[in-house]
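To begin, one chain is listed below as structure tokens, in the form predicted on its own.
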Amino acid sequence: MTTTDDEPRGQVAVAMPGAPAARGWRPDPLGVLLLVVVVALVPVAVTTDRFLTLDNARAILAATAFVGITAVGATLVMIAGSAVSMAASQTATVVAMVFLSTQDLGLSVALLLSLLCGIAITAVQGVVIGYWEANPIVLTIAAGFAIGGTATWLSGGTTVYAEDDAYDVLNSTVLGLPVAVYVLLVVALVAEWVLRRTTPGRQMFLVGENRGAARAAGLPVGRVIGVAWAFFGLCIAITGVFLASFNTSATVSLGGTLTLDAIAAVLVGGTAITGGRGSALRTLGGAVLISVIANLLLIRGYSTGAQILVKGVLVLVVVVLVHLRSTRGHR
């Protein structure tokens, strides 16, 4: 296994056959792309009415929180080599319904049940992937259908409301920023600390870099992947709770494009889709960039379809560049 600037220090590294030899500095294509995107956004932002305002900045940060919290959790899963989950939106929707429907038990109990629900649903998928090596994309697509179908069946397709508004405390602001923004920062810092400073976090890099070598070295591969997915489930659950609080109700479509937005933020943040490399803090930057682009398009009057198209094109270009960077590194 090779080491990069993103990998934890202090690990015993094993050079893989064909590992790249030390070469002169060459610009990172992904970094160049992101620089070009940022530079291109500057004149668009300056010439867009209402974009450079404090209220709009708060709106961007609030939107970033919903996507960013889930994306940070997805970063650990991708670093551990499990690619992506296609069931984040459905899971967040179910958690939101659980959160609102249990408000009569008290805010603390409702919050606890909701977080446990998100962790359980997602950790089960991680265990299957980690111990039985199920294909994560196929499994999570199936899980998404099952979770969405169950939510529709139990709710009868109707909107879920809370019998108590105690959850409204989660919509409050501190120093002008929504509570969700501070939670996002805490989640990102905790995730980065787990990745860099704890044994499970370092093992995620090693498992993602080469699962076979990690298993041969005696690492608990299944458990490591299960832990990554459990953390991901916690992040999805937190997002579901904030979505429920913000919207004050939940329907089967509440999750919207959360799955694709979170994947976009992780990839734009530079996490390798093949695993073994990534950063929660860089994912945070990717989430901010995605939110800024979506906000600019919204203010300029572009439709939701146009916003999804632009994000899709950006993700496609990023995936191609990450692939080129990976293949270049092995030549």
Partner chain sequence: MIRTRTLRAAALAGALGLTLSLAACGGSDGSGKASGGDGSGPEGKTIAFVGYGNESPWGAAYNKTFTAALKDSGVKINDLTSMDAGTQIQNFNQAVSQKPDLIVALVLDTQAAVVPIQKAKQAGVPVLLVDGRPDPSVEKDVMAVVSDNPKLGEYAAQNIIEGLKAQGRDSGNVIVLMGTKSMLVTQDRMEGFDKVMATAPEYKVIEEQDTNWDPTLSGKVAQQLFAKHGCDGVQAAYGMADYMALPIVQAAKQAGCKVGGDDGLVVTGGNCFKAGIDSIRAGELYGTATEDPITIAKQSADYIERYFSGKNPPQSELVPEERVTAANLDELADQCSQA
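Residue numbers count along the first chain shown, from 1. Whichever C-alpha set is largest while still superposing within 1.5 Å between the two forms counts as the rigid core. For clarity, every value in this text was computed on a predicted model and none was experimentally measured.
Omitted here: the form predicted together with its partner chain. The next part is about that form.
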Identify which of L33, A62, A45, I273 has a heavy atom within 4.5 Å of its partner chain in the model of the complex; exactly one of them does. A62
Which of these residues, A214, L254, V241, A143, gets a heavy atom within 4.5 Å of its partner chain in the model of the complex? L254
Its partner chain contact at G176 in the model of the complex, heavy atom, 4.5 Å: yes
Tell me, yes or no, whether E209 is in contact with its partner chain in the model of the complex, where a contact means a heavy atom of each within 4.5 Å. no
Is there a heavy atom of V37 no more than 4.5 Å from a heavy atom of its partner chain in the model of the complex? no
Would G106 count as touching its partner chain in the model of the complex under a 4.5 Å heavy atom rule? no
Contact segment among 185 to 193, 254 to 262, 116 to 124, 215 to 223, judged by heavy atoms lying within 4.5 Å of its partner chain in the model of the complex: 254 to 262
Taking only heavy atoms into account, state which residues of 150 to 175 are within 4.5 Å of its partner chain in the model of the complex, ordered by sequence. T152, G156, G157, T158, T159, Y161, D168, N171, T173
Does A294 shift between the shown form and the other one by 2 angstroms or more at the C-alpha, the core having been superposed? yes
